[in-house]
Every structure is written in structure tokens, then in C-alpha cells.
Ligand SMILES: Nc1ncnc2c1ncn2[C@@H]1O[C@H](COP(=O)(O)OP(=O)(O)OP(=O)(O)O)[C@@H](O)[C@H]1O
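To begin, one chain is listed below as C-alpha cells, in the form predicted alone.
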Amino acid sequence: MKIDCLPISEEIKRIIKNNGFSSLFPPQIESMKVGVLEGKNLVLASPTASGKTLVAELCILKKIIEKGGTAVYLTPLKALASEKYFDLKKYAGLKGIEGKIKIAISTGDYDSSDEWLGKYNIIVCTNEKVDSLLRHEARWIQNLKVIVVDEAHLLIDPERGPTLEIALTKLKILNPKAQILLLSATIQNAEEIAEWIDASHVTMDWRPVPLKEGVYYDCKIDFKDNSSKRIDEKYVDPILDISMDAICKGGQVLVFTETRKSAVVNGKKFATTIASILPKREKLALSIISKQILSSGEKTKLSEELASQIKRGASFHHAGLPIQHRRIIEKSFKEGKIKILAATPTLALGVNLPARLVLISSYERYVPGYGRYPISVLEYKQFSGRAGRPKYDDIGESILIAKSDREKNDLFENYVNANSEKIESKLAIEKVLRPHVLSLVASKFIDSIEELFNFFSKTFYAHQYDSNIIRPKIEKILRFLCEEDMIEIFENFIDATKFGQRVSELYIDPLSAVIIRNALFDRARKLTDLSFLHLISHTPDVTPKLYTRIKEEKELNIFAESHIDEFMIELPDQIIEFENYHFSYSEFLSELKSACVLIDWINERSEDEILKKHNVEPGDLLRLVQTSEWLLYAMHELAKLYRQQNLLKKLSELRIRVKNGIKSELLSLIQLEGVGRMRARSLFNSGYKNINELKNAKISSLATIPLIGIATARNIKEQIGGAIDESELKMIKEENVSSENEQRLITEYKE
């Protein structure tokens, strides 16, 4: 079926064809046949790059252009939301019934209704963001015409799944006439999910690049289609032998490793081998990318190792890396500059990075406290689905590694020839259910116990099982919320208290709120930064807890004893009489480690120092900092609610310090745009301790300060309103010309 045959505007057809599509793929054709362009709900399960996104885009555009309204596009991760937002930007400006189409993205700030989004036609959100908007009763949400859920198989995820399920159930109730599209590469029970949302379903294995799945053993790859391929044993390492075979034939390789450490180790091994076969031109391009890594963010041993590998054509990728480094890696791999990428499983949940060859180096994962377990078939299918780059590869290959003939047969049976597990609701997990029960009451989505149970009867969980099974857990949660003064029940009617209302809006676990509230009234004998930072680390919202090494535990014990008056909770007993006591104290040490990391951070320890001292990588540090900043904001809001006025300034300042990693003396300077922790420290050490002292400074003086330069100096002066004389303006113009020439040379060099 040709694009020209579709019942859409000529302008949309032109944009689609300009992006390289003239005909529909089979999954897209089947979607058209079941009436998706006529507004029918759809569950579309087909492999990566088979055209699912285009189906969603066509539905969104047709509905908005012809009937107006708003469409929301949901993704599980911020990185995916950004990717989809930039994909959709190509349609900005198209004319619809309500004027030109405007596109927005919203992924942060969970304490806002973001009413400004109501001015936009297409809104890209994370699942958590739309859930928070529903809690804040954003009015524009009731004007939705299309609801798209990407990566819908994550309904099975114990952490993310319940939030998506609750949000989707709410959206269905608020917008009963809205079209719903669920997209995924792997849904075994698409028909069951389709029944839940009253939809048609299309399930196809068609791929634009055929996939060959196989298992390597004893220098040979046996494929699912009964073909085989010999691999020369050149490097005495199967992963290296298979990878180099693909790279020498012009392909790229994606290797999924079990741990972060193995990703780094493999990346180093790959870089050493690949460097010798790279042409000079490619080495020059990689050298530029390597410098980008070193110039973005703080320099650490990890960033130096990453830059070193990239310079030689390989890289590693895991959640411990700063986001700016991950983006550089992803972009460079997409452009074909990085030849081989060793990545942890988190990449399979992120942006789309296809490769000719996908190698799964281990099919087991270590689960703390339980040992090693095989990965799910669904996870394997997510990995293998990355094989094959459209427009570049004739086929994609996905390979598992076996160590024996018996293991090879097991891998074929349990993965290659197996079907993915059914998507099953995880809504009945009490920890994740608790905040959603409160949100339904606090947002006035329901006002009686009967309505509450009626709501849960419309969830995917109730569709799969019996809603009565979850009833005892909901009743238990209601008792907890009532006992902790978050809700009030009058006969059958239910309402949120001011406390419960604010907790729901703050998007934190009700248990975290109880811990914080109780600590505000039962304070430590000595209130310090540690008091607050340990308290937030003690809440269930700080996950995962940091792992404590044996050699750290003695130091943490000594630290705890010397700061015993500063803790805002009752400490667990150190005496190991029962197993649960020991576990409880281990948890305390983990929380204390998080607090110590944050203390080092606000005392301006570098990322590299924190990595060496605490074994906490920059990406993990960033997540801890972001979560802690939000919890400090929540604590500030709860202190305000309970009129703890004497804590508000302290908590506001501590939040800014945690956000930026600074001592209190830099609070004034950090307010300046473009001045981070390192530039603020450089200004302070050069004698500029506040805004007033900067007003009288000359740009020429500021420009000589380390990390400042003319552009930043000018930016500072423009912000604070300081005078700029003629000689300084001349210097700025000369600097601008120099910068333009330098940028032109870099562009020519890249080309």
C-alpha cells in the first residue's frame, strides 16, 4: 500500500515521503485494515523498526487536523521521551482545524498541573509525569483525542507497570471516546490486552531487516533457520572472534553484558583490538568525539577510560555514566563512528540503537540475596530485536554464547525457539499500590469506597484476575492512610486530609511522608545537614539503596557512633541476635552511606573523589542527587504545612546545595545562569563572593578567571546589570569573530 493512498492530507504525505517512506510496511497495512485511521483502538506488537511509530503519528495527525483536541504520547523513560519529541517536531506547523500544530514535552516537576501544556496539540510525557498531572487535575487532559503508549510491555515491570496501568485506566475513564494505541515489540498476549481497552490487535514478526537468531559453540554459530557459520578462532575469546568477524565485514556490534564492570572491561578489550584496523579518517572523527567526552562534565577515571575507548572505535554504556556522556555515545553509535558497544541491559529500555550483530554475553543475572537467575524470554527478545539496521544491513544477527553442547540445546529451547512470557499486571504489589490509592482519593477521582473498588474493577489486573483478590490489600492500605491522617472515612464516603492531599501532589510514597512528618515533630537532639540527608535516605523513595562493601561498614559504624545525636530516627540494634536485626542494621548502613555521599557532594568533593571513596559512579550519583533534591523539597512543603517555619530556610538552602553540589558560601553565585559548582567556586576563590562584588568587576578581569572566559563573563554581566564599556564591547566582538572562525574550522574538519 502506497502512502499516497492513505486518507490523510497532502502535506502529511509530503513530510512522510521526505523522510524516506513511500510505501507501508506489513504491520502498518494490517493496522489500516482494522480501522486504526478511522479511530479504532489498537494494540500493535511488531519488531523494532517495523513502523509502529508511524502508525501512531498518522492517527494523531489525522485526528488533530480534522477534529482538533490534544494527543498525548507516553514513554517509560525521559531519554525515549526526548527522542520521540524530536521525531514529532517535523510535523510542527501543519495546519489543523484549531490552527497550526504545536508540540511540547514534559518529563519533570511532579508538583505542577502544567496548564501551559493546554496550548499544545501533541504532548510527549513519561508515564510518571502524566500520572502526576492527573493527580493535579490538569484540565487539558480531559480534551484528549488520542492516547499513545510506547513500550507497552512494561505493564509487566513491577516498578513502572502499576503507574502506567493506573494512569491508563484514569485516562480511559476521563476520555471514553479517545483513541488508544498500545505499541510494543514484544507482547505475547496482545489479544488479552486488546480486550481490556476494547481494541483490535495486530501481532506480526515482520521486520524490515530479517533477523537470524543463533547460538555460538565450538567455533560455529548454529542459527534457528538450520543454517550455520564458522568463526575463526583468532583471539581465543568467542565474543571478540564473533564481533571482529562482523566489524571486518562493515557491520556494527552491540554486546549486552551482565554487569557494568564487564561492560567496561569488554569495551577496553574491543578498543585494543579494533584500533589497529581503523582507517586514519575514522580515527580523526573518533578523536573529536573523545575530546567531547572529556570536555563535558567533570573529569573522572571513568570518563577518561570512556574517552580512551572511544578514541579507538569502541565504547561501553551503562546507567553509571552521566547522561551527557550516554547521549554522545548513542549519537556516535547511530552515526556508525563507534563500531562496537558493550552495554548493560538498561540500554534495551532506552533509545533505539540497532546494530548488525547483537551478542548476548550472558543469559543470567545476579539478584542480591538470591543468587544468579536466567533472564526472561521477553528480555532476550528485547535484546535480539536490536539486530539489523534498516537501510544499512541485509540481515541482523542475534547470538547467544554456549559453553557446552548441552547448554547450546538449552539456549535454543529456552530462548531462541521460545515465546515471550505473557504480560501480567503487577498492580497487587502493596508498595506500588499505596500511593495510587491515595491519589485516587486526593484528586477526587473517587469519593466513596464503592467507587474506589469500582475503579480497580476497570484495571488490567481485574481484567486478568478477579478484582476481589486485590480488595484485602486495598482495605489494608485504606486503614494505613486513615491511621496516618491522610484520609477520612465517613460511613461509605472518603476524602483526603490536607496532609494526604499534599503528599499525593508531591508524588512521594505515603510511607515516606509519614517518616518525614514524624521526624519533623520528634527531632534529633542536634539538627545538622546529616540529620536531613539521612532522613530522606531512610525513606522508601530512595531506591535502589547503595551497596555497602565490608571494608566500608567499620568506617560507617564509627561515623554513626560519633554522630549519634544527629539522627532523626531510632537506630536499629547492632546486636545480631536474629537474622532480621542484622538485615535491618545493614539497611541502616546503606542509608548512612547515601547520606555520606550527599555530604561529600555538598562539600564540593569531585565526582572522581566520590567514585574512589564510595564506589558510586556519576550516573548513580546524579540519580541520588535528583531524588534527594525532590525529597528535600517535599520535606520543605510538609514543614510548611505543619508550620515548622524555623526549618524552611534551612531546607531551601540545603535543597539548592544538594542540587548543585556546593557549600553554603556559594549560594549567591550559583543563582547565575551558566555558573555551575566549578565556575562558582572559581569566582569565589578569585575574590568575587557575591553578586554585588561582580557588578563592579570588568569583563576583562572576569575573563581571566579559570573556567570563565569572555563569553561567560559577558553572560554574568548581562544578568546582574553591570556596566560594559566600549573597550570591553570591542573585545567581545573580536572574541565572537574568533569563535565563529574556530567553529567553521571544526565543521570543515568533521566534514
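Note that the coordinates shown come from a computational prediction; the quantities given were computed from them, not determined experimentally. All residue numbers are counted from 1 along the displayed sequence.
This protein has a second form, the form predicted together with the named molecule, left out of what is shown; the following refers to that one.
A49 is the sole member of A49, I65, A703, A697 with a non-hydrogen atom lying within 4.5 angstroms of the named molecule in the predicted complex. Picking from 682-690, 50-58, 35-43, 707-715 the stretch near the named molecule in the predicted complex, with a 4.5 Å limit on heavy atoms, gives 50-58.
The named molecule is not shown here, but in the predicted complex it comes within 4.5 Å of a heavy atom of S23. Within this chain, E165 is remote from the site of the named molecule in the predicted complex, having no heavy atom within 4.5 Å. When the named molecule is considered in the predicted complex, N352 lines it closely, a heavy atom lying within 4.5 Å.
Shown alone here, L666 lies farther than 4.5 Å from the named molecule in the predicted complex, counting heavy atoms only. Taken together, the three residues A319, S594 and E617 all stay farther than 4.5 Å from the named molecule in the predicted complex, as judged by their closest heavy atom.
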